[in-house]
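A single chain comes next, written as structure tokens; it is the form predicted alone.
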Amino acid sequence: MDILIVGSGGREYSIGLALSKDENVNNLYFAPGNGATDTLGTNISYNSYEELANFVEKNSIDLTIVGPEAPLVDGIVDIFQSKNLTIFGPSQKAAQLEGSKIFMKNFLARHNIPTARYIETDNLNEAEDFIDTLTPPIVVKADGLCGGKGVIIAPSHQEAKDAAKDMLTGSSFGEAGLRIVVEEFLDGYELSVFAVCDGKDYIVLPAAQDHKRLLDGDKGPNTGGMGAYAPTPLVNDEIYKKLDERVIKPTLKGMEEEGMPFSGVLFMGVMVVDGEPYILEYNVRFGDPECEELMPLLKTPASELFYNAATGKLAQTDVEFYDKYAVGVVMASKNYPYSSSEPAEIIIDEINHPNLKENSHISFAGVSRGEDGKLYATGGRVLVCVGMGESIKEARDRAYMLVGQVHFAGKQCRTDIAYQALRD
């Protein structure tokens, strides 16, 4: 089987790494890929989704997997399917679950899926009136895609009103913020739960927990994610059952009833409050860095899972996971997330410890290949050091041992990934 992966980050690298070890896979392509994906397959450039579809058609590629949200919201799946090409991901209509927070919240309300109390509006007075009914902190969200940065948790009524004003006037997030969602703040613990779907059936992956803040102890600004671990012990069978019955089944049924059956990854941002799961948001692709921990836990060949999901055959797919834990630590560039940093050469020490060599790896993200053939840190989140183990502590320790083997000027990372699961 020949497979194309669309995207260039650590998520796409980790999917490619899993597929590169898959005996069902012959040739692997990345569009556009990054400076390290060329060690797993072939990087290709493209100017339009139509051009990419023509490349897939011409080269008889069996499956395309879309990593990031932007191509899905732009309709890449519809373009490929119009040419009868097999592609993993939701249609443009179905991708509204991430592309529009207003669509998503209204969908949850229509299908009685538990979520925070909210309004959606483009009127500042209406937003301010609703803000006055809430107890701080208060959540204000831009409607459109903002690269994971369109959510403000305001500690006071006035700061919530200021955030709403900045969005609605276009000064915060441009057109993406011209309509907003204002909602109550849910106080609990957050989970990332992923269901691979084929329109009717689904398979739930081990629940993960992400670390969004830049600094230890969940301090500092929000980022795209500074690390994650899976599976988390904060999820039990009862919570999985509630998510099945109250969230996933009604979502797939509702999407089918509304004429946009959901195929691809349903990423549920879940807040658990007193044992009850509420949906904070939906995304329509794997999280990053959660994907980097989930892929090595997958025992079933990755090609089988993705291909069967893309072709409506999940009901006849037996998916297994390793009975292990994975912890990923993001190593970011000096000025992340405030501004870009100078390119810095990445030097990785030779790993001599057999346990570390066998139970850890790097998923590369913001890297480029220099003319000298060396790898350079050129992005915000540069790479993820992933450790595997029989316990979360063992996986965490291996991840940080690997961090110690990686060097580039200005590197930064959190030192407390998975602390929620390792508290005494």
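Quick caveat, the model's predicted, so the values are computed rather than measured. Numbering starts at 1 and runs along the sequence shown.
Although it is not shown, the form predicted together with ligand AMP is what the next lines describe.
For the marked spot (28, 62 and 302), a heavy atom within 4.5 Å of ligand AMP in the predicted bound form is absent from each of the three residues.
Shown alone here, residue 153 lies within 4.5 Å of ligand AMP in the predicted bound form, counting heavy atoms only. Not displayed here, ligand AMP is kept clear of residue 103 by more than 4.5 Å at the level of heavy atoms in the predicted bound form. Ligand AMP in the predicted bound form is not approached by residue 198, whose heavy atoms all lie more than 4.5 angstroms from it. The closest non-hydrogen atom of residue 216 lies beyond 4.5 Å of ligand AMP in the predicted bound form.
Exactly one of the stretches 89-97, 178-186, 253-261, 75-83 approaches ligand AMP in the predicted bound form with heavy atoms within 4.5 Å, and it is 178-186.
Taking a 4.5 Å heavy atom cutoff to ligand AMP in the predicted bound form, the contact residue among 165, 157, 242, 212 is 212. Of the candidates 139, 314, 207, 127, 139 is the one whose heavy atoms come within 4.5 Å of ligand AMP in the predicted bound form; the others do not. Residues 271, 280, 281 of 244-281 are found to place at least one heavy atom within 4.5 Å of ligand AMP in the predicted bound form.
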